[in-house]
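First, one chain by itself in structure tokens, the form predicted on its own.
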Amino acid sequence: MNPNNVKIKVENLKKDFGRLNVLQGVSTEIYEGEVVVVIGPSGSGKSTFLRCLNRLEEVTEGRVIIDGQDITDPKTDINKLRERVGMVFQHFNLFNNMNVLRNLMLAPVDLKQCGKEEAKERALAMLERVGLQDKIKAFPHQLSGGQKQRVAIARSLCMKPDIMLFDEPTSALDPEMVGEVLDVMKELAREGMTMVVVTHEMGFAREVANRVMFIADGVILEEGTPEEVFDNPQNPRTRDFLNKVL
């Protein structure tokens, strides 16, 4: 982790859906190479916070600055910025009418990041990285949930992002498939990828996170190292939450 390089700076982030105030003034800094795991009860604003980091949700108030660039500024080319910020969703979001190889090649070619040959080379390298090089011709319906999610991670990596956002990447998986996805994420963390992960996998948070952030009622109630948050939580809401999930 490089504490001298702030990759993501969030200033007083607020997000409303009509009268519903989902985020109520979130401020934080995420450093290059840092793995931040966001935990909290359902409906607390975790996924909304994550989606604001690449403007999949428009911010109501406040600023999100990535690599010094204010993404809430209307003049920012958000599509260009998203090339550097990979996103992995709960339900994979693969294109069902394309085989695995085409799923991985689509964005780099369409966004003119590289030609077809280089896109194919990238795709094959990333599939090998997630242990699925034998599935290049398979279609999503022929894959298990764990395999689909690993393909989704490989697809994000094909864009060569320097930040990865994970929105509950294992919550739609059968328990025996969770490990294979978490293993890929652990490897990314070891390689120094900047990662923000919303998850209910407390073992992963304890093992991999540099920092754990507890969000409830649209605010950060507590944050610290895994040891600080899990072994000695200061906030009563954090203690109550952890008593239920650990």
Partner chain sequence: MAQIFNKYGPILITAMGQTLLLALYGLFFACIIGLIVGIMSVVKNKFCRGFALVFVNLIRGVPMIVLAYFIFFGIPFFCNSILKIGGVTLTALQAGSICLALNCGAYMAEIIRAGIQSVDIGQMEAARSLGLPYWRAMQRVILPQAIRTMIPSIINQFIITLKDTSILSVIGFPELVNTAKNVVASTFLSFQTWGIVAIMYLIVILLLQWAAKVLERKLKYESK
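These figures come from a predicted structure and were not determined experimentally. Residue numbers count along the first chain shown, from 1.
We do not show the form predicted together with the partner chain, though everything after this point is about it.
Interface residue among Met87, Ile71, Val130, Leu173, judged by heavy atoms within 4.5 Å of the partner chain in the model of the complex: Met87.
Think of it this way: in the model of the complex, the partner chain has a heavy atom of just one of Met98, Leu124, Leu143, Cys114 within 4.5 Å, and the residue is Met98.
For the chain shown alone, Arg82 is a contact residue for the partner chain in the model of the complex, at least one non-hydrogen atom being within 4.5 angstroms. Put simply, Thr48 is far from the partner chain in the model of the complex: not one heavy atom of it is within 4.5 Å. Among heavy atoms of Arg150, none comes within 4.5 Å of the partner chain in the model of the complex. In the model of the complex, at least one heavy atom of Leu56 sits within 4.5 Å of the partner chain. For the three marked residues, His200, Val208 and Asn232, no heavy atom of any sits within 4.5 Å of the partner chain in the model of the complex. Residues of 8 to 46 that come within 4.5 Å of the partner chain in the model of the complex, judged by any heavy atom, do not exist; none qualify.
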